[in-house]
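In structure tokens, the next block holds one chain alone, the form predicted on its own.
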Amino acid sequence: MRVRFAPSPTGALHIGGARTALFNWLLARGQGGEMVLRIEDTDRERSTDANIAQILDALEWLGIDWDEGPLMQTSNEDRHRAVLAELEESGRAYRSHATGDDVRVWKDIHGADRGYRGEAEPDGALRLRVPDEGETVVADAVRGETVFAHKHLDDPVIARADGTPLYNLAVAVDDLDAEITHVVRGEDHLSNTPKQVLVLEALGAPLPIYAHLPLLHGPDGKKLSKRHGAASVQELRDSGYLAEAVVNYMALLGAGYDSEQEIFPVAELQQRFSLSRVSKSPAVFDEKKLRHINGLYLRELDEADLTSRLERFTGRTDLGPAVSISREKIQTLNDFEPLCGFIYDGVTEDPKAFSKVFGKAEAPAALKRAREVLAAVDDSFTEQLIETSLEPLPAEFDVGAGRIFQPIRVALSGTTISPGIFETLALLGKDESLLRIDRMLERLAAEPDGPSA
């Protein structure tokens, strides 16, 4: 078995393309096959070195390796031109000056359902001659047989007038030369497949097994796009997702694994992957589900590993203590800064949080009383001592615990979101905690009528 992943380097590697790469990789690795990486760089203006580097970077981050490549499609152009000459010489291809308008006029005369058949003209673009009768059958491992009647197919252009080979010719020849046995790609390529099959048949070459994967949709049922959240692998990485969680989640998108199981080791994904189980229907990429799975992976990391990843992600150092008290509350690496940044950077300014919490009548008095209690705590200021000391205050004020602890939280962080209040106090230490509370009490004293909206 030899499969290939053949992206066009016209931008970042989108999530749909990454899933195609993953499915090829799982198939090859599970079957003891090989994977070829081919860069289809025939769009000279958009196929930049930077875009190629982005694709390689994304694949490497995901842990998707390859056995051959990256091969550049343009490097095989001499071979493409030789095949074009062979097809023209054999009469399987002909030159034509026909434009799109000419094709439309031809269809008006011969019927809209009739594929275009042109006459040979010198110095024109090269078109592959499609037989008038019969059909091309694509045996698809996912969709089953798809039949393309020749009478509906136009003679496709396979080279420009200057001899530059076009996509469908180049792809067919490259797959043939690389001895690709399985072409696994998105169903948006299905309309190209009969053209590539006709090229291979014109050369008397064997056909690979085709498998066209259904496209990804967003939760709204529409084709996946930027409006659904992160659109590329790099955006997922920058959003703080773990590579192993992204791989796990993408593998669930239409591959037909056990629906009752969420977490699969990579080795199991490889062993169990089969084209016969791939769904024919579009799969839904839901970033909320990815966040959930990422959170499961994140909490399975040992603390040292998670700390190391967070330090690389944030550029901070010495995060161990904060990681220890926050890991159960974060689902992505990106969640850490909003939750814990105040520990290192000081109190943030959140007017809504201030107004919401200190707009309650008992809040200033509760914070003042909490300050008195905390000042009396032993200087070891352990989490257990803090909890024991603050525990009676809700009953003392005859309110729920949140009405006591939220004023402390806002005084320490500036927001209503933080790690556990006892753990946060212990991590900041007695002096820093009292200092932040004092500053908040001073602010409240300066606003005797309560916080402004």
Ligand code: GLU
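Here the structure is a predicted model, which is why all the values come from computation and not from measurement. Residue numbers here begin at 1 and follow the sequence given.
There is another form of the same protein, the form predicted together with the named molecule; it is not shown, and what comes next is about it.
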* To do: Let me know the one among 57, 387, 34, 40 whose heavy atoms come within 4.5 Å of the named molecule in the model of the complex, would you?
  => 40
* Proximity to the named molecule in the model of the complex, single hit among 189, 327, 217, 150 (heavy atom within 4.5 Å) -> 189
* Classify residue 167 as contacting or not contacting the named molecule in the model of the complex by the rule of any non-hydrogen atom within 4.5 angstroms, answering yes or no. => yes
* Can residue 195 be called a contact residue for the named molecule in the model of the complex at 4.5 Å between heavy atoms? -> no
* Asked: Is there a heavy atom of residue 127 lying 4.5 Å or less from a heavy atom of the named molecule in the model of the complex?
  -> no
* So in the model of the complex, does any heavy atom of residue 185 sit within 4.5 Å of the named molecule? -> yes
* To do: Check, residue by residue, if 19, 27 and 248 all come within 4.5 Å of the named molecule in the model of the complex, counting heavy atoms only.
  => no
* **Which of 373-381, 167-175, 341-349, 274-282 sits within 4.5 Å of the named molecule in the model of the complex, heavy atom basis** => 167-175
* **Heavy atom contacts to the named molecule in the model of the complex at 4.5 Å, residues of 1-26 in sequence order** => 4, 6, 7, 8
